[in-house]
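First, one chain by itself: the form predicted alone, in structure tokens.
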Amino acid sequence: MIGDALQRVGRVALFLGRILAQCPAAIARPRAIVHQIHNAGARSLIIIMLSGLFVGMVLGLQGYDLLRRFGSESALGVAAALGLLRELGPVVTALLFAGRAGTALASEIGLMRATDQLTAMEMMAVDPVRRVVVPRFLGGVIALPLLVAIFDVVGLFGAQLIGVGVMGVDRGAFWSQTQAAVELRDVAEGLMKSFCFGIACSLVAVYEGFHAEPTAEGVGLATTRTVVVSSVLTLLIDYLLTAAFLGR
């Protein structure tokens, strides 16, 4: 079982190498990449913004209840901002991205495999990795950090909506303490996590779709594996990066 897992990791690494080798040629076709950014990012905006709003509102409720016990209600903005920027924003967005955009990528490429479109490209001397896989991979990698930024902004608005509008926290204290406490390294941590999550989720989606069995069942299994593997990888990478940033 361990040997099979190592072989699978090796195949994914080799596939990533093929993708990276074709990236310069794909960048020469920016229209295809922009189209994939729209597919992976713009079409995920509604679920990202709704989730960010409600996560921020829950942070406002829970954070206020916790800080009230210590008489630090005015620090609600700091708790919400740090929680969103460093942890909740990148992780929740990546999980939602895997469930929405990742499955769409895997099923789309898997369907092309099942209908022999990828084989037809190979017969016409067209590299399907360069033509199909790389634009979708780059689109996902670029789209996820942008979605994380939107999630953070909407989430902070939701926390302010509950903390200031419902719980009565002073608006000036909420924003002034947030601006004073949030540092560049907090933003950099969230940006690094979102970039790594984008690579992991996009790579898993295009790999599973490209290597799916050319049947309806195979495409379904590839889609399911995309969500499961992407979610587990997101949580694992999150732990490793958090430990690295905290020096543990």
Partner chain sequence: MALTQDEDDANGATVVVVRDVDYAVRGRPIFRGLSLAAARGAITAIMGPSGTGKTTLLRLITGQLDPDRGDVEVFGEQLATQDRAARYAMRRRMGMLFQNGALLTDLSVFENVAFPVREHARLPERVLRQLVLTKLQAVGLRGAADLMPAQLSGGMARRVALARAIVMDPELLIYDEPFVGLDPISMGVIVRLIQRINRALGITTIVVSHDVGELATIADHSYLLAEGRIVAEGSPRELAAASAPEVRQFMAGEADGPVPFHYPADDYHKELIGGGSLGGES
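Remember, predicted model here, so these are calculated numbers, not experimental data. Residue numbers count along the first chain shown, from 1.
Just so it is clear, the following notes concern the form predicted together with its partner chain, a form of the same protein that is not shown.
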Based on heavy atom distances of at most 4.5 Å to its partner chain in the predicted bound form, which listed stretch, 96-104, 169-177, 115-123, 137-145, is the contact stretch?
-> 115-123
So, in the predicted bound form, is residue 29 in contact with its partner chain at a 4.5 angstroms heavy atom limit?
-> yes
According to a 4.5 angstroms non-hydrogen atom cut-off, is residue 83 in contact with its partner chain in the predicted bound form?
-> no
Applying a 4.5 Å heavy atom distance criterion, does residue 11 contact its partner chain in the predicted bound form?
-> no
Considering only heavy atoms, tell me if residue 87 and its partner chain come within 4.5 Å of each other in the predicted bound form.
-> no
Are there residues in 127-146 with a heavy atom within 4.5 Å of its partner chain in the predicted bound form, and which are they, in order?
-> 127, 128, 130, 131, 136
